[in-house]
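Here you get one chain, nothing else, as structure tokens; it is the form predicted on its own.
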Amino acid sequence: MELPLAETTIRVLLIDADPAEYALVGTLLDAVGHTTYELTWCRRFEHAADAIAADLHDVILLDFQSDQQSAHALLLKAVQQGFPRPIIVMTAEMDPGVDREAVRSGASDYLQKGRIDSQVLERSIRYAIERKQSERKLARLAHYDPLTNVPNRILFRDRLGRAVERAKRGQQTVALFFVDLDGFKQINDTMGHDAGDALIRAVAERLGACVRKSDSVARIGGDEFTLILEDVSTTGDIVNVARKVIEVISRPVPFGSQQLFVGASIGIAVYPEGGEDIDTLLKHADMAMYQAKGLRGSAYRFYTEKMNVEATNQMYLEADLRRALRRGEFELYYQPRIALGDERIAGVEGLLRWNHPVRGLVKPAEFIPLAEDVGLIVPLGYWVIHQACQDILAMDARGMEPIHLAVNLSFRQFLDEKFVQTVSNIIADAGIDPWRLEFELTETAIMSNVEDTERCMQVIRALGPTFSLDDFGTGYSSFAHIQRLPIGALKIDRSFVSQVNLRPDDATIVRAMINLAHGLGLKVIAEGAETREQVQFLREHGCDQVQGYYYSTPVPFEEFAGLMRADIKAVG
């Protein structure tokens, strides 16, 4: 979609470690009178790729001076993945070598920081957006299937080749799906090409909804599609996508007064086990697809038997997970938050654990992604809120000091239209004081849909529960958004706390986070405090609370109740 520059807000993402540069760019953009700009700042290169991939911005301003190697790698990755927005690089000095390198790598323009004024910056942004729009029109004609608007065979091969090269460099995996529609020829022959075209268009649209923005869907033949999934962590992740593909393709497609039905056979080859170049991957995915056609109904098959076994195990784990809620196998563990002023317990976070009858204690990292993929995260999240309320009642019954009890929320719960009413009912049924309940949300969850999230948070806050921003510093945030949201605390991520006594940069960032939060009227809670030196640093620089192994690991409710009765200072 083209951007009508004179009639809309232009969203700018600044990737630069220097707070002063963020303030300067904001001032320059504010001085442009005829266009409204919304500026978001990302300070760390390792989080910038996620910010770019979210595609929430119209133009990127990229610092090419402080860490040229990281900036160059980020630029290449964005271009290779087909990022559709212009990227303007900025450096402190005019360097023809950097200029040529940046433009060759895909930058739309090049600016010298010391010579940027409002007029220069505004003109560069405007021209970069207009050029990018023209480039996209030309590229689409040559590389996209005219019926479905998804990539054609030419662009598919290029994207697969680039994905394999990235996987080689990063020692990652790439999954290639070869999808063939079962029953398409019969529909095309008996109902005509219009019906066949309608079916192909519907399938292409549904496939696009099955993958991430960093992945790719292509049509390479009449009823043949491919999917490229990059940097997939487990066989289970691939299986979940395959099952989703089968499910969406199997839905009826309306055509006039009739409905069209097809199935799908999917062959899967995974780099590097299933091939180390694009031709071998394609051949093996095609072979696996024919194996899938030999099975009854819609099916998927991996090229390697090892992955077929892993896929079967994934199905068993999902079945166990579906039964776990009914069988009462979940439990909340509790990790206290310690007020650094008097080293007393000021709050607690409830952390979900799964007591599997065979595997033993299963941590969230092993089952939460699966719960999200198979649609169990919403009922599981409501169970967590209900159990937290029951444990608050148990704390009150024992005469324990009233403190905040925090639980993590998945963004998928905000998508549930019954979320607000369900939370209200759980709190009312328990009869607890709602201010005792705190919900933790991550930066990524909030920034993925700021307006809808803000509306939901405001309604929940009016009911009484409070909010904290979890993993602060690991994603990307707009300070303007943080100020608008009903957040009571920022939680500094453990990745910064763990190095606070070893890396001056992390120490500087933590001090800045504490000052920023206090400037916004928010409490600061540091996660992952494991040593006396870390706790002392946080205390000296005004951190309000800490949470970590130095004081206590996450423990079952009864053990936590014992900590509340004892003097927590004895634990540390």
Ligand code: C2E
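One-based numbering along the sequence shown. Quick caveat: nothing in here was measured; it's all calculated off a predicted structure.
The form predicted in complex with the ligand exists for this protein as well; it is not shown, and the discussion that follows is about that form.
The putative spot formed by 440, 471 and 494 is fully lined by the ligand in the predicted complex; each residue has a non-hydrogen atom within 4.5 angstroms of it. Contact check for residue 453: no non-hydrogen atom falls within 4.5 Å of the ligand in the predicted complex. By the criterion of a heavy atom within 4.5 Å, residue 26 is excluded from the residues contacting the ligand in the predicted complex.
In the predicted complex, the ligand lies within 4.5 Å of some heavy atom of residue 384.
A residue is said to contact a partner when one of its heavy atoms sits within 4.5 Å of a partner heavy atom; residue 363 meets this definition for the ligand in the predicted complex. Between the ligand and the residues 422, 408, 188, 91, the one pair within 4.5 Å by heavy atoms in the predicted complex involves 408.
Among the residues 160, 210, 432, 352, the one placing a heavy atom within 4.5 Å of the ligand in the predicted complex is 352. Residues of just one listed stretch (286-294, 141-149, 318-326, 364-372) have heavy atoms within 4.5 Å of the ligand in the predicted complex: 364-372. In the predicted complex, 528, 529, 530, 547 are the residues of 528-547 with at least one heavy atom within 4.5 Å of the ligand, listed from first to last.
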